[in-house]
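There is one chain below, alone, in structure tokens, taken in the form predicted alone.
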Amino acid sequence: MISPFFSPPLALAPMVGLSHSALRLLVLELGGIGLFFSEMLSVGKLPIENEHISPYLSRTPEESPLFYQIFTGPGQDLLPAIERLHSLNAQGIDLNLGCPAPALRKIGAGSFMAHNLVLETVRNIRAATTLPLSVKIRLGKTLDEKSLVSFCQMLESEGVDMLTVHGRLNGEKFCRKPRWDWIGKVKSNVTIPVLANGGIFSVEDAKRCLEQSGADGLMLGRGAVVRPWLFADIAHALYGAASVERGSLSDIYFRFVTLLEERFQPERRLGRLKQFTHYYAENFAFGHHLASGVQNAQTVKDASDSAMEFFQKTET
């Protein structure tokens, strides 16, 4: 097993509307994180985004190491985006080749990128930067071991430094159990570090995923939004990190609210709080009351008041 270039080998996944500065700081405070990824960023828009006000680029020095994830389609110029990432002090660049969103289908990006364009894109990024380059993929359109392994070996041969493999096919929904053993087919055929992604919501999930995949580390997505302390739990159980004391569920929730208020313009806060709450509510037997109360709020204060009322009933 080859160790990734970060420790502990646990990464926060790039998630639209979730993998922003407030969540990164919350996870950092709770402990156990080794690497952050940004939300996916458009190569076309990245060069003109204002990092001082953009919710996609807002960052503190503590949020490190941070890989910025980019997506691109045919005919887009990569160089201005790469230069911008250099100016933003990126610790690495991640190319999204796994997202199945319809918006990316329209531009031939993510999991819809043609094979010849993948090769050209990786070569162009590699020629433009000495930063670590990672790629995030799914298992492909169908279960085809030869095609999957060949594709990943091509990425390695073109200078990719790390792979993240989401253990589902391109079109499969999150309700489909991930195929961690198929991630192992990649791991056993490349020499660069491989992160396993998909379906990790507990320490036991993490153990089984590593056992079945043989991966060098884990990337946590939705599980880390439901339980932002999950990194600390896994780091303690699997990698010998010290245990970390954490506050109550309400303490953690309102710390997230505070971080949103500190990191984002007022108009950028409520939507992100609603999105976070949708997942965080899964911690409670009657969490749908928390989620619906926040979802119907018109301001962050209204959302906080609704959440406070829910927690007072739940934690007494």
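For every residue, the number given is its place in the sequence shown, counted from 1. This is a predicted model, so every value here is computed, not measured.
Missing here is the form predicted in complex with a small molecule; even so, the following discussion is about that form.
For the residues Ser42, Ser64, Ser54, Gln275, the 4.5 Å heavy atom test against the small molecule in the predicted complex is passed only by Gln275. This chain appears without its partner; in the predicted complex, the one residue of Gly221, Gly217, Gly92, Gly184 with a heavy atom within 4.5 Å of the small molecule is Gly221.
Contact annotation for Pro9: none of its heavy atoms lies within 4.5 Å of the small molecule in the predicted complex.
The closest heavy atom approach of Gly199 to the small molecule in the predicted complex falls within 4.5 Å. Not displayed here, the small molecule is approached by Phe174 to within 4.5 Å at the level of heavy atoms in the predicted complex. Put simply, Ala13 is close to the small molecule in the predicted complex: some heavy atom of it is within 4.5 Å. Residues with any non-hydrogen atom within 4.5 angstroms of the small molecule in the predicted complex fall in just one of 221 to 229, 141 to 149, 202 to 210, 236 to 244: 221 to 229. Shown here without its partner, the chain carries His20, Arg24 and Ser58, none of which come within 4.5 Å of the small molecule in the predicted complex through any heavy atom.
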